[in-house]
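Quick setup: one chain, the form predicted on its own, written in structure tokens, and binding and motion questions come after.
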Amino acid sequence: MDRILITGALGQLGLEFIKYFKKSDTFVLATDIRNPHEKLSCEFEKADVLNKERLDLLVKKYEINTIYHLVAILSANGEKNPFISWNVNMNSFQNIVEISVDNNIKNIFWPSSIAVFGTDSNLDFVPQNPSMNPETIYGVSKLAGEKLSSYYSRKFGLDIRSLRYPGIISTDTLPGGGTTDYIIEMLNAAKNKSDYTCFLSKETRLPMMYIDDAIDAAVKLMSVERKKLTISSSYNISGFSITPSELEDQIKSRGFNIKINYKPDFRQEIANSWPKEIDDSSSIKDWGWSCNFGLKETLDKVFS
């Protein structure tokens, strides 16, 4: 049976993974640098993933054999202090790898991002293996992690599996400082009947994914036999693509009288280096990826 450690467990993905694994009675140890506001449905230990000794102790104490390493400073927040971002994103990754090697843990899930791409990546429809020139420290750290995943697989036999997540939509948790946060903020504004100022231009097209698909994809990828996988770095994955103006139209078509102002800030430059559409055919072929939530299904869930 899996005994799973989730780092960064109080973030957008972590809380949903906890809910998912609870349904199958899988043992989960959640860790974060802060305490939860409410009691979780699993074991919890306050721990900084940069403290390798503390994390190693917990892995041994709870007999962990699988790790979902979710700790990261996201794109927009990362640009405010790139040195801290690099330290958190990369040194936490390195700690997880060293602890896994020392404790003979083979199975690791680590999310990558569409931030690994750049203006040389054919942004209209990004293939699995394009040229990559990320323009944020977040993207640089994620690309470095992808390369290290392949290296550590060869060097130590680690099985690190990864998805290049697009913007993830969930209104149950607060946005985490990313460039696609506008979509969550706009949806929450509509639900709260308040106006919203969007930090991206109205025609900025970006790929998105509903949180349920994000969780299901990771779990499915982790369950597939390694020999069926052709990618050792990170798989492209996508749900649907949308612009702020298209989202505004969809919200208003559902009867929400919301006023949207557009005032692009520094995040616009980041978005300009990100894909408009994603080719996820390798995920479809290798492990049967299928999106369950398009735009309509996503909005149905959000406004239900």
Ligand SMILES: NC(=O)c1ccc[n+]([C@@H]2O[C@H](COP(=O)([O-])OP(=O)(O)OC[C@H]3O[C@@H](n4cnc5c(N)ncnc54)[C@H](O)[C@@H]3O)[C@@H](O)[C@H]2O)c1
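Just count from 1 along the sequence shown to find any residue number. Source: prediction; values computed, not measured.
One more form of this protein exists, namely the form predicted in complex with this ligand; it is left out here, but the text below deals with it.
**Q** Check, residue by residue, if L13, P111 and Y165 all come within 4.5 Å of this ligand in the model of the complex, counting heavy atoms only.
**A** Spot residues vs this ligand: full contact, yes.
**Q** Does the 4.5 Å heavy atom contact test between P130 and this ligand in the model of the complex come out positive?
**A** The answer is no: P130 has no heavy atom within 4.5 Å of this ligand.
**Q** Does any heavy atom of L40 come within 4.5 Å of a heavy atom of this ligand in the model of the complex?
**A** Result no; L40 lies far from this ligand in the model of the complex.
**Q** Is there any non-hydrogen atom of P82 lying within 4.5 Å of this ligand in the model of the complex?
**A** Judged by the heavy-atom cut-off of 4.5 Å, P82 is well away from this ligand in the model of the complex.
**Q** Applying a 4.5 Å heavy atom distance criterion, does S234 contact this ligand in the model of the complex?
**A** Close contact is absent here: in the model of the complex, S234 is far from this ligand, nothing within 4.5 Å, heavy atoms only.
**Q** Please name which of the stretches 239-247, 63-71, 256-264, 275-283 has residues with heavy atoms lying within 4.5 Å of this ligand in the model of the complex.
**A** It is 63-71 that comes within 4.5 Å of the partner.
**Q** Of these, I251, A47, V59, A271, which has a heavy atom no more than 4.5 Å from this ligand in the model of the complex?
**A** Only one listed residue qualifies here, and that residue is A47.
**Q** Between 133-165 and this ligand in the model of the complex, list the residues on our side with a heavy atom within 4.5 Å.
**A** The stretch 133-165, when checked against this ligand in the model of the complex, contributes Y138, K142, Y165 at the 4.5 Å heavy-atom cut-off.
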